[in-house]
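Just one chain is shown here, as structure tokens, and it is the form predicted on its own.
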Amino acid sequence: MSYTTDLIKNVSIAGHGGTGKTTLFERLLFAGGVIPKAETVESGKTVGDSSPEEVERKISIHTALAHVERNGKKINLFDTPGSSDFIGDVILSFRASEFAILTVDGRAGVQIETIKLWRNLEGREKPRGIFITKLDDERGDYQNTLDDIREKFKITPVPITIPMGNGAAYQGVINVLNEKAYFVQGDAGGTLEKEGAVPAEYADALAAARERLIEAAAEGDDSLMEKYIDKGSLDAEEMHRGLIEALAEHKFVPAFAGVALKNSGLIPFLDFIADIGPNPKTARDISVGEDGTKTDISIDPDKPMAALVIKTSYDQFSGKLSWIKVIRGKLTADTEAQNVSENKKERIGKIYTCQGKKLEEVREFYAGDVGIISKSATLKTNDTLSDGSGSISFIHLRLPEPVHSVAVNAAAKKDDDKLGEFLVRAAEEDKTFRYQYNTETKETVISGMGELQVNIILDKIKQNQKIEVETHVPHVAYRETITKKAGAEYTHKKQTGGHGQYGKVLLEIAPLPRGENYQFINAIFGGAIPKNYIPGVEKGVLEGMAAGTMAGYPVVDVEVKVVDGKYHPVDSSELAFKLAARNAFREAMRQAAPTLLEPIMNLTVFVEDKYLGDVMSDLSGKRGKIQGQSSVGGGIEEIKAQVPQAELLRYSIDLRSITSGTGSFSVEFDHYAPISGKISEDVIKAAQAFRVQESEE
């Protein structure tokens, strides 16, 4: 069955790890009649956590997609990972959704990942709500959690459901919208909650919550606000309309209560999403022109078909699966389309909706819906697919840069190519994972959002492909430069019978400002070196710069001037002048007080304020220079620093240790800076040892 745009609701379930996202996802599918029995995360049989690595670790690693039909609406649900290592899958779900629900543990309150996800949603201006979980625990407290949310996010959540009791006294929830109570039916969780009358002791709490809900509805429309001010209330139809408009414009944050393991709070939540939740017509996406100009695009079923590939995955039975968010028009099976990003025709064969790993074939998807194309020939994540009638192209997913890198190689040389193939596939499945060969350090380097993400990918390769992988900390791409002017000459002369080789070059070199890299000046007068040999001289200089003299690292920020030379009318050649220039440059370098340069990174760290002192002390011990520190709200501090890259190669592990896994950071290159003394000596020794090892291999 296909659903038109106005009948579709896309909801991302996100939150800090361990707050009950997958349990909520599973129980919503049970409440919606999709599955006959709800499984626990511990069982390894949930719809959301279906991959071997998720079953083994009892955590979500990949986003799962499933849907529920409620009140004639199709509700697409995304179950997302809680670890920051897998933020890429959270972001793709945010891109595909019009509404996000953040799960908050009723015992712990707002946690650091909750805050980071909230900030991401703020940047997207995405409507969102809160689902407070685990209220049957003795430490669970609905009101304290609401107060924490109010303090951390500087908002006043609007309760849609309120709990009847906390801890052992928990009985269920009250739906403020329809003023009904939903009682837990036993502890096993095999029966849905039962609707009934609101107990008298909760009458005042319900009245106060309903008044707040009416206020939120009035904010959705000016005419409703006028009526509310005049009469002090709204009727049911006005309240319904106002809530729809206010939520679509993110004018209030709805709050839900529940205990998913007891199937409590599910029915009111599904009813709210179906009846009040934003549909795709209320949202917009972003297209990008050839000149980089960005334009807001409405999600419109009446325009020519255009869709974005939000994810690529590989299934052992179904092969390559391309997850598609249809943004305009209608995507139909067994048709031809245009891969705008690749400028290639794409044959659309079968298309599917899914319930976790279970694929269900359909004929079409309307704008706003999310589905899967199987076995695509050309499609990749971030590609735009269209009907070929226009040149629209959608902006790519806004993903963070990887922060943790490891150099890898296959233990058996024969497996290197096979290893590369699967690393390429892993990088396509998760766009926050990178794979590249560093020609400078001669290493294959993989990078991700953290040690957990990288290790899971390597473990998967080892288990599925039977490839033993060796890892080590990547080498740093140091540079060499000079600190004073110098000059040198070199004559290349060789007689081998017949024509010989002859070329004499005199060079002068001088430091350039940091970042200017290289300047070559031909200062020859009078034809000491003929013009046709000057390119050979520059080639020799560039070869000398590439090889360095101290530790074999490339030379930067040097001005090279060729001032004199000599040639032979018979024996000179471009090769002879290249060799002469290369050796002259090396000799000049030795006399110009060479020094090593190391890459300096801009580091931004987010930590809970209680860890601030420890983190700043650690950065100082890493030769870091603190650039600034400020509060970003919610008890989270932001630290900006400049730190040598060599000190950050295992920073994701260090920060996790210092902050008990709660800290996060981003890093980017800024500049190169000189190093000397013992640090420089150690780098040179390590480089020399590496070259010896290479020659032995």
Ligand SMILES: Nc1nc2c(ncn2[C@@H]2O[C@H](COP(=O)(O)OP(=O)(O)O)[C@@H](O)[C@H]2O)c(=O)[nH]1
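On a predicted model such as this, the values are computed, not experimentally measured, just so you know. Residue numbers here begin at 1 and follow the sequence given.
Absent from the display: the form predicted together with the ligand. The rest refers to it.
Using a 4.5 angstroms threshold between heavy atoms, residue 306 stays clear of the ligand in the predicted complex. Contact check for residue 22: a non-hydrogen atom falls within 4.5 Å of the ligand in the predicted complex.
Under a 4.5 angstroms non-hydrogen atom cutoff, the ligand in the predicted complex has residue 261 among its neighbouring residues. Among residues of the shown chain, residue 18 is one whose heavy atoms approach the ligand to within 4.5 Å in the predicted complex. Scanning 648, 29, 639, 41 against the ligand in the predicted complex with a 4.5 Å heavy atom cut-off leaves one residue, 41. Checking 134, 475, 578, 73 against the ligand in the predicted complex, a heavy atom within 4.5 Å turns up for just one residue: 134. With the partner left out here, the ligand still marks one of 629-637, 41-49, 664-672, 65-73 in the predicted complex; by a 4.5 Å heavy atom cut-off that stretch is 41-49. Looking at 51-65, the one residue that comes within 4.5 Å of the ligand in the predicted complex, counting any heavy atom, is 60.
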